[in-house]
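This document starts with one chain, in the form predicted alone, laid out as structure tokens.
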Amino acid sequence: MTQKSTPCLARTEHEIDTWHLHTDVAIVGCGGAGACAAIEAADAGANVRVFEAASAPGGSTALSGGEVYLGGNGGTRMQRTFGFTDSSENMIAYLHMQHGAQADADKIRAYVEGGADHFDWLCEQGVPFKESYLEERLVEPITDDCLIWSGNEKAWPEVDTCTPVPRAHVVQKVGMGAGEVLMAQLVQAMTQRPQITLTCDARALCLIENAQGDVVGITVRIDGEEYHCRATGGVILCAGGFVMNETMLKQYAPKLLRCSMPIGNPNDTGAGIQMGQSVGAAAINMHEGFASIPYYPPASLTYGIVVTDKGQRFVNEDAYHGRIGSMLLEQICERAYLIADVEAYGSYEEMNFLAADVAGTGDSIEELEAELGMTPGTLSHTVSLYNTWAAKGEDPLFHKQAAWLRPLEPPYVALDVTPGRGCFMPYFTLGGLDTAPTGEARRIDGSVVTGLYAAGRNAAGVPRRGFGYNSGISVGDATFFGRMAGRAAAQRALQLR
């Protein structure tokens, strides 16, 4: 009886009667990581086959805002154009603060030291970046501008240690969703390299290993038929995270299920991670994910405060929206609110991403407190203390920066930002296979699974905590380390020819 192919169970080489396809490097998935891996492997002299489960390439990268978080080595060409110097040590220190004990020092250093060159490489592939800079606080530009602030660079505690520098480079496109432009250019660059064969509607089913435990190929399903592809240099897994797999979310990252909108493509099912595990690769950081409360625009809402149903603040509200969302998931409360005055509420009804309902209003903070059903004196005490210090331009409890501090004046409004209560709270996973900066997959003891590589959300990359996420870091990480994996797999193939 023929074994049913499943990502969780690798096949052995002796089971394969016929190798239908042969290549130097096989790549699973054609998002940002897969495309860049293919280009780099081809330029290193390898023949490449890319298998994409969807009917067209793009993956989750094509659904993104097209922001690429890069800096270091004095700054990218775009950063330097607008007068920003970004030393490698400055950016390395920042990323370590973002990701704490979970940070991978080797990956961070490689990513930072190679960041400026990576920006230039993307430009060489035809990816367009307008020479422009936006100072304003935003999630994603609706213009075609490039350089923006997209993290906690100006927020405490990072701002006390690291020089603030904008690092998100947005691919040029009028309106949101520039990821589609990024992927269109990368796919075009792939088509210009005859060594690359892209097959869509091709679902990777399982890895194939030899008697020594080395990965030697992969089984894919194309038009209902299974094909075995031998890969001399190895297989690179670039098949995305597991945000669309509820079973895996319940097992590894159940807190994310309190959010409202999984961000990714339908094939972000964790199959690539499962394939890696099937040959002994370790999956790490699986409990972590990005969770956002995108409460700006309007930026004026940053003057407000975020509180639990106990009337207590828990974060500096000028932090990145992903930090606030991640911290909100950790609070022990039944409700959470963004408290603002009319001036801070501003143009919320004209333009917002949050879609949060107004939970209450009040001509006094006591009236709002009562309308929200809070214990008398809780919210009113918090606002009174906040206003006293804000009038001095200080926030001794949570260190919101002076630029976003002023007393809140009546009348007041409360937006319901409780996870699962209707506001837009997007999420995706940050766990994956343990890999070296070269993309080589590692076992739990640190040894390498020969012939297996991973990048993008199939690997645990630079972004390790929602608390320390920056817009553009996933696209930056996927494209950069996709290239590293492509180069390493190609070198191995050439050595074995």
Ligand SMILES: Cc1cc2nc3c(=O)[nH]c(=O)nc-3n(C[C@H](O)[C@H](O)[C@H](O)COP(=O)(O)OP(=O)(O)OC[C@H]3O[C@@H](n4cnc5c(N)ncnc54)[C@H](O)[C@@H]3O)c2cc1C
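Heads up: residue numbers just count along the shown sequence, starting at 1. Keep in mind it's a predicted model, so treat the numbers as computed, not measured.
The same protein has a further form, the form predicted together with the ligand, not shown here; the description that follows concerns it.
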property: Gly29, Ala33 and Met275 all contacting the ligand in the model of the complex, non-hydrogen atom within 4.5 Å; result: yes
property: Which of 51-59, 38-46, 446-454, 433-441 lines the interface with the ligand in the model of the complex (heavy atom within 4.5 Å); result: 51-59
property: Contacting member of Asn265, Gln195, Asn352, Ser88, with respect to the ligand in the model of the complex [4.5 Å, heavy atom]; result: Asn265
property: Position in contact with the ligand when the complex is considered in the model of the complex, options Ala202, Met78, Ala283, Cys229, heavy atoms within 4.5 Å; result: Ala202
property: Contact flag, Cys238 vs the ligand in the model of the complex, heavy atom cut 4.5 Å; result: yes
property: 4.5 Å heavy atom contact, Val417 to the ligand in the model of the complex; result: no
property: Residue contact check: Gly466 to the ligand in the model of the complex, 4.5 Å heavy atom; result: no
property: Exercise: Ala478 in contact with the ligand in the model of the complex, heavy atom 4.5 Å; result: yes
property: In the model of the complex, residues of 56-70 near the ligand [heavy atom within 4.5 Å]; result: Gly58, Gly59, Ser60, Thr61, Leu63, Ser64, Gly65, Gly66, Glu67
